[in-house]
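Here we start with a single chain on its own, the form predicted on its own, put down as structure tokens.
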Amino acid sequence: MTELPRITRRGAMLSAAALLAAPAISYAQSDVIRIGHLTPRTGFLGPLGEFAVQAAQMASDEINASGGINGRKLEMLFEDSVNPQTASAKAERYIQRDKVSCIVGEINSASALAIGQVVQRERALFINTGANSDALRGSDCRKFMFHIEGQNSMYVKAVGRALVQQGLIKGKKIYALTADYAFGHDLLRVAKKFIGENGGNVTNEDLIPTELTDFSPFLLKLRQARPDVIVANLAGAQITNFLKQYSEFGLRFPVAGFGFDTALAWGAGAGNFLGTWPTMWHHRLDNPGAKKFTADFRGRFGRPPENQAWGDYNAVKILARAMAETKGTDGPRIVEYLESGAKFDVQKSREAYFRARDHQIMTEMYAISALPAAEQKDRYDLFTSSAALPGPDESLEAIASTPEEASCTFPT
């Protein structure tokens, strides 16, 4: 990504001593550009929210160290979105009181929808970094909402390819455990469609409350049902708790997931991560951008970044570039720029772009599979990865939703 130009401002009356003491860059208060960051920092999504906050702050610091945005300092404001009602209220306050130029963040799909309604009304930009629901790119799409997080269709089709190759779909009886909120319901819908089209059958379904920590009643049901495959359409700490307790119960049915964040595998602990899962990005990618991002993040925070960190980091960097190239913070102009097909380095082998018809980023994904427990010698390097999906000879849109699967008509 092109480094923003460094601009130095000096007052004509400064003394020589003051000049020597002055920093290389100084900013007037009126020159500050504010971005509001909203994401869950408590509750079952809280562990992911902390990665998001750290990555967004790191991106902001890097931008300011390189001269800001056309000489203007970037200031990040951070808030815990908690729930959809709080997310809506804080988004409105960010725009009306704090005068932010745009909003970045979120993980909860219902909260992302609430923020999307606010920014549409206020004509301010929102880049969603963690909410997956296809509806946000379809029936609930908004002109001022963009998505650097993958949609459920992308997650399902990416990992689905690996599961078909492993023989875990066709002719199999599948037990689905699904997070009981908007994201999970939508993911189950997309997953059942894929499974049915590929010859599988979801024979059992359970909805899992978002704050559930004890999975033993559901694990007993799994033991009795004896499915061929368990599909976990779970979110946040649900995945960590499920993996820990699944291992403790000694169950041996193959496990797969259609939604995932690598931090949740780390939280499960050595020997407890198993199965095949999709991810937007992971810290083991072998390209210069990924290596630098991983090294910088690890050096600052003492752990590698995971895919939620990747999304928030790139959202801030993309916004900075859009503002630099449009020479301002005007929401409609930035929307037009992002819809134009501009391409962005996102620490992968291929550049990414936003699809104009639904504002979903088109980018590679990966299917990761757990290493055998005996080979999990590092608390972070627990998995092997597929090659990038789609492959180098395919369109980046090969795993995204079709217009028939998620039709977007932007409201005026």
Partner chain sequence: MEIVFLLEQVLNGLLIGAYYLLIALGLSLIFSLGGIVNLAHGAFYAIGAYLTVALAPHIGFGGAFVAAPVLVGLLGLVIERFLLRRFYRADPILSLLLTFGLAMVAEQSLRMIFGAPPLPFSIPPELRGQVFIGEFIYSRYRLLILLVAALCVAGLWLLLQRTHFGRVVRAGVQNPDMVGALGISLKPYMSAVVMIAVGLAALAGVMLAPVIGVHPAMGAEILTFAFVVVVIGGLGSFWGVVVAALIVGVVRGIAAYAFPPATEASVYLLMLLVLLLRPRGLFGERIAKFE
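Since the model is a prediction, treat every value here as computed from it, not as a measurement. Positions refer to the first chain, counted from 1.
Another form, the form predicted together with the partner chain, is not on view; read the next lines as being about it.
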A162 versus the partner chain, in the predicted complex: is there a non-hydrogen atom within 4.5 Å? no
Given that the partner chain is not shown alongside this chain, does S340 nevertheless sit within 4.5 Å of it in the predicted complex, heavy atom to heavy atom? no
Is there a non-hydrogen atom of G269 within 4.5 angstroms of a non-hydrogen atom of the partner chain in the predicted complex? yes
Tell me, yes or no, whether G68 is in contact with the partner chain in the predicted complex, where a contact means a heavy atom of each within 4.5 Å. no
Which residue among F253, F301, F78, F218 has a heavy atom within 4.5 angstroms of the partner chain in the predicted complex? F218
In the predicted complex, which of the listed residues (A263, A322, V100, A179) lies with a heavy atom within 4.5 Å of the partner chain? A263
Looking in the predicted complex, is the partner chain within 4.5 angstroms of a heavy atom from every one of T363, D393 and A400? no
Tell me the stretch among 351-359, 364-372, 45-53, 383-391 that has any heavy atom within 4.5 angstroms of the partner chain in the predicted complex. 45-53
At 4.5 Å, heavy atom to heavy atom, what parts of 207-221 sit next to the partner chain in the predicted complex? List them in sequence order, or say none. L207, P209, E211, L212, T213, D214, S216, P217, F218, L220, K221
